[in-house]
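Two versions of one and the same chain are coming, encoded as structure tokens; call them structure 1 and structure 2.
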Structure 1
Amino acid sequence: MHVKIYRGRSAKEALTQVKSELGDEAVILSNKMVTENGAKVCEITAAVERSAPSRERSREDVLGEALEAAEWTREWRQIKGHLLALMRPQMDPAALTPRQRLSMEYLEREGVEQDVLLAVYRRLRADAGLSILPVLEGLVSVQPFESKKWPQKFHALAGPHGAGKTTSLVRLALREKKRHPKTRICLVSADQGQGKGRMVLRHYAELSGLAFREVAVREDFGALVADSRKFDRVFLDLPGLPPGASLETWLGSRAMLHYEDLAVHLVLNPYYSPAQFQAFRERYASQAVKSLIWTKLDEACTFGSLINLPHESGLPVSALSCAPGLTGSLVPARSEMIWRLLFKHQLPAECVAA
């Protein structure tokens, strides 16, 4: 096995070096922020099996590689001691097979929360032959953002400031337009406080020959619905909400809360702190929210939140974004993409290629 350390100003920069030198088969052994000449840099230790046969490896092979990489195991044990011994009394490490235990330790290191680990533990304990992947697939559902899977005409993107709502909205609309050129699309800015986002939307609507509307007050949404026979798909850009505000209240005040042909998608970055996730979960909790869109995956160093949030909210993941550009950087989610991110820190191939 060939092991090498890469450093870059961002995880993306370091990953690009890994990919160009070691190729797609590289396994990420560790990923951390370090200080170099007084500046914070992302340091990635990667390895590649030089003699590995070039056959398409099964997902269990990929998982095995990640779990058996001795370097991270040693490093992690030194830092944390034996994880399961420290965990709640409900979890008896002896009840798991060594590989199951290793999988649990890996998840802990990725930032998967204790209550999720407990749910995983319960499933694994019940079946010694059970691998971690089907358990995770049971915890995180996926509903790819494709027109067949999302019949609603109205799609709104909600989430914190800077999460990537406006760019994701444009990307979803452009993707739809490219795949189905005849689809009549309308972009809607409901982001009254954010002049820039509104201008970006209007600009892209004009450039791409899409309709553009605004929703400011309660009556505007009703007018949009009345006018919506002209459109097959309507994408709405919602504002980031300040502390104390709630999405339910905001949607209610625009007569959007109970509108059946509307799906709201919550746009989040995977590297928010647990406290921020908690605050956003409360602020954006709503029956109207139907999926999660993860953006800025290229800037994350660990991916435990990709398991935590879907498990806690019960929401499926609909799309993943891993670059700031507007074309090809956002892809409909697939289950495999989630576990490749988690266990290999590998961004979706379609996304990287963009």
Structure 2
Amino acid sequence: MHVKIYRGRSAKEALTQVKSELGDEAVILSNKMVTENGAKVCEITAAVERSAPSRERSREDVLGEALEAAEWTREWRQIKGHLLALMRPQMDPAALTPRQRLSMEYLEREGVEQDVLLAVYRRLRADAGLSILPVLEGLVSVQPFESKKWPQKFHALAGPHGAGKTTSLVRLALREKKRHPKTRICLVSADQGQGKGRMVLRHYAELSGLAFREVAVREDFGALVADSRKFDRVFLDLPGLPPGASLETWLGSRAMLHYEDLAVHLVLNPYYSPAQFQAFRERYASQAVKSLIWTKLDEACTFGSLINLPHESGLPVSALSCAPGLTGSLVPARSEMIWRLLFKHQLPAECVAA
């Protein structure tokens, strides 16, 4: 993205410069009056995506690329499976202490994947006195969703349909408002394909005295950024993406991909199948995604995915959600909560109390 600042004696003069240099595709990121050489001038920050020209692709081109990508993905999974199969015999349970061995067996029953088990085994074998928790803590990081740890003004929730994005967004906003009553919060619907989600978001915004906006095209996000000086926190509900789409492309088309004051949080349930998790990792892979939010924990039977996905993606866990209510049912994640879920199937006490 190409970003540039323009100044003029009036908004019209500055906008003329923007249109002349960046064209009609430019997005206005901010519009304000500043003092320059003792005089008031209009300052506009604008941006435009710069992409290399490309020839029009035929259907055969598109089909060929899709087949090549699918073939490479399939080959890599096969290679990875063969490597793990070769290394599995090297995981000798007798090399571990009885307590370590029991822990490894438990993790396997919980659905922890083979590459994670191998990483745990190597650490345990190197130190007979090592407990399994320090090893797991090195594989799963936690960054609680709290104002001081997440200073960005814009927080967007992404994830598949039915994962609980809209509900989680309302829960985060209400939690923030309860702890900091003077915080100015705006709820934003960017999910134009799901009318119900927009209605729910608008409804709770009106009930709670929160602002509400919608983002449909790239110009809408520019307008939202310009309007954001009225708010301390902006929560965006992003659409679920169909197969073949990518979050990176969607964010880029709305001029949101490189916006520094934005953090995207991936919302998922712990009971998806391994194939679904793999598909979601690919579909929602983006530099803008900063954390994982686990929802519907009370509906899960095993919790191995709480280890697998953070280990694979490198993303910290920021929040945990369970129970049907909107208040008190989502809490900032802490390491001990994850270990209680994994080893005791114990839900966070804050959620249960709610």
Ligand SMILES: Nc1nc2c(ncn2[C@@H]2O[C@H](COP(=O)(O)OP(=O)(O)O)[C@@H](O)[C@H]2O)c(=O)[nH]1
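When a residue number appears, read it as a position in the sequence of structure 1, where counting begins at 1. In this text, the rigid core denotes the largest set of C-alpha atoms whose superposition between the two forms falls within 1.5 Å. Fair warning: this is a prediction, and the values are worked out from it, not measured in the lab.
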- Compare the two displayed forms of this chain and pick out the form predicted on its own. 2
- Is there a C-alpha shift of 2 Å or more at M33 between structure 1 and structure 2 once the rigid core is superposed? yes
- Quick one: core overlaid, is A333 moving 2 Å or more at the Cα between structure 1 and structure 2? no
- Message: Given a superposition on the rigid core, I'd like a yes or no on whether E43 shifts its C-alpha by 2 Å or more between structure 1 and structure 2.
- Response: yes
- Item | Inter-form CA displacement between structure 1 and structure 2 at G23 - rigid core frame, Å | 65.6
